[in-house]
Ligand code: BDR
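Shown here is one chain on its own, the form predicted on its own, set out as structure tokens.
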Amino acid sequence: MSARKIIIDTDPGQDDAVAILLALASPEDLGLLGITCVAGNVPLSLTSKNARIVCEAAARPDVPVYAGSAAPLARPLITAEHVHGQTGLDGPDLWEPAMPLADGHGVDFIIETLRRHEPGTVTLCTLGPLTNVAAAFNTAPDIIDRVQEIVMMGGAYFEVGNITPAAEFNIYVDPEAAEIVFRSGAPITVMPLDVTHKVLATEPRVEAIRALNTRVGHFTAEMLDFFERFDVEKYGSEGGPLHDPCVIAWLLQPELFSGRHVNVEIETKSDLTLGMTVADWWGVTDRDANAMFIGDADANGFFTLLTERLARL
């Protein structure tokens, strides 16, 4: 079977970086057509730099990396240096990437790629705010029906919020973009905090990655050493949740996850619950289901997959 064609839309971020590495380590399963960057965890100048650093760490400077949207559709940008550090990839020693950004805008790349490939053959993997995808859908609505699937990290239901009491960061940064995507009719699978908070980078799991004794192994372990400190302090957990790699792991081994096909609406008006993903988990409305909302994961299986794949790089 041929590799599944994907675009990764991202705002790296340590966990974004691990997701990119997992995809790059799985070429027989995933054909990475390109990476589009968006402002989110840190500003666009840093997310587009960080994506290239990650590609170089994996010795894959051939992957095109595009700069996309520098701000949400209708709001000022909110960033998360308090979680990811001033670079977005604090932890390892970073460098100036030698590989250039690809020519053109990330939104145009999404549009052109979906139009160029056969309908239903390109999956969008979104690891940050949904600004680029929403902008592409607004600009070229003809591409919506060409999307095979959108697999996103974002939102929460039982775990509520991590940036406000009600909202998860990726959705909160650009709720209008999220509303456009969830109402688009494209097939959607969501990795919310409900599942990512069960996939914890505990000390033994991080040490197993470090013990690979490779450039990528050390790079990843050093990122996770820094990244976990915020969530361990916040939640009192045994390790930081590894959010974004769940998107890639779903494509590689969906049997590691379970969830429900439910309706998800995005709150865009309320000051109190702005950016909330209102998931009809119990089916109490008559709204049509529009997303597979993942609720559980086999964390040990996830880290076995991640470690085995990172060992290839």
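Because the structure is a prediction, the values reported are computed rather than measured. Sequential numbering from 1, following the sequence displayed.
The same protein also exists as the form predicted together with the ligand; that form is not shown, yet it is the one meant from here on.
Enquirer: Is it the case in the model of the complex that 194, 277 and 293 each bring at least one heavy atom within 4.5 Å of the ligand?
Expert: No residue of the spot touches the ligand in the model of the complex.
Enquirer: So which of 162-170, 182-190, 93-101, 68-76 is the stretch with heavy atoms within 4.5 Å of the ligand in the model of the complex?
Expert: In short, 162-170.
Enquirer: Mark residue 47 yes when one of its heavy atoms lies within 4.5 Å of a heavy atom of the ligand in the model of the complex, and no otherwise.
Expert: It does not: once the ligand is placed as it appears in the model of the complex, residue 47 has no heavy atom within 4.5 Å of it.
Enquirer: Is residue 36 close enough to touch the ligand in the model of the complex, meaning at least one heavy atom pair within 4.5 Å?
Expert: Residue 36: no, not in contact with the ligand in the model of the complex.
Enquirer: Would residue 153 count as a contact of the ligand in the model of the complex, using a 4.5 angstroms cut-off between non-hydrogen atoms?
Expert: Contact with the ligand, yes.
Enquirer: Indicate whether the ligand has at least one heavy atom within 4.5 Å of a heavy atom of residue 178 in the model of the complex.
Expert: Output for residue 178 is no: heavy atoms all beyond 4.5 Å of the ligand.
Enquirer: Let me know the one among 127, 133, 223, 201 whose heavy atoms come within 4.5 Å of the ligand in the model of the complex, would you?
Expert: None of the other options qualify; the answer is 127.
Enquirer: Can you name the residues of 30-44 that have a non-hydrogen atom within 4.5 angstroms of the ligand in the model of the complex?
Expert: Result: 41 alone.
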